[in-house]
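This document starts with one chain, in the form predicted alone, laid out as C-alpha cells.
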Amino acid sequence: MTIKSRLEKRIEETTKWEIRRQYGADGPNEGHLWVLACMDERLPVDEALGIRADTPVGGGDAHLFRNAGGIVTDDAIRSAMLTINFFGTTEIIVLQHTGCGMLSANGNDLEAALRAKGIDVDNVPMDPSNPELTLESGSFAKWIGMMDDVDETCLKTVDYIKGHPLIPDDITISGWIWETEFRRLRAPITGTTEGRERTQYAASVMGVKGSQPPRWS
C-alpha cells in the first residue's frame, strides 16, 4: 500500500470516528461497551478494565458514565437505555471500588446535616427541567444511595440493570470491584470477608454506625 493510500484510509477512518453518532447503532464505540463507574478520582477505569475510555478522554473504547458509587439512578438507566437501544452497545460493566465515599457515612446522618443547614429535603426538585421527577416525602436518605457493603451493592446494581424493561435481555452485564488499596480488580465477594479482609469493603469497616437507609435491601 502506498503512503498516499494509507493517508487516505487514515483520514477516512478518523472522519468516521468523528461523526460516528450520526450512524446510530452502525457507529458504536470500539468496545460496544457502556461502563457505569464511581466518580471517585482514585478509580482508574482504563487501568481496571484494560480499555481506553477515560484517559485520555476520547479513547473511544466505551461510553463511560460516572456517578457517586457507580450505582443505578434514573439518569444511569436513561444513559444505558440510549447507548444500548440506539448506539450499538452490547455489553455493560458496573465498576465499583473499596474505600468508596458512599461507604464512609450513614445516609440518615447526611440527611440530618442538610436539614441542619435549613434545606427542606422533602421538597427538592430532582431535575428542574423535568418537574414530574420527584421523591416521596421521607425518601431522601434512601435516594442518596449510601452503601453497607460494596460487593453486595455491586451485585444488586447488576441485577437491577438486568431486570429493567429498557435493557434488552441479550445484553452482557457484569460487575467488578477495584481494590483501591492494592490497585487490582476482582469479582464481587459475598458471605465472607476472606479475600477482602484487608480492604475497606464495608461501611462498618470504615467506622460507620448503624445500617444505611434500605435502598439495597
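If you superpose the two forms and keep the largest set of C-alpha atoms that fall within 1.5 Å, you have the rigid core. Computed from a predicted structure; not experimentally measured. We number the residues from 1 along the sequence you see.
Absent from the display: the form predicted in complex with a further copy of the same chain. The rest refers to it.
Contact check for Arg10: a non-hydrogen atom falls within 4.5 Å of a further copy of the same chain in the predicted bound form. a further copy of the same chain is not shown here, but in the predicted bound form it comes within 4.5 Å of a heavy atom of Asp40. Residue contact check for Ala62: one or more of its heavy atoms lie within 4.5 Å of a further copy of the same chain in the predicted bound form. A residue is said to contact a partner when one of its heavy atoms sits within 4.5 Å of a partner heavy atom; Ile19 meets this definition for a further copy of the same chain in the predicted bound form.
Along 176 to 190, these residues reach a heavy atom to within 4.5 Å of a further copy of the same chain in the predicted bound form: Trp176, Glu179, Thr180, Glu181, Phe182, Arg183, Arg184, Leu185, Arg186, Ala187. After superposition on the rigid core, displacement of the C-alpha of Lys9 between this form and the one not shown amounts to 2 Å or more.
A decrease of at least 3 Å in the separation of the C-alpha atoms of Gly58 and Gly27 is found in the predicted bound form, compared with the displayed form. In comparison with the shown form, the Cα-Cα distance of Asp26 and Pro56 decreases by at least 3 angstroms in the predicted bound form.
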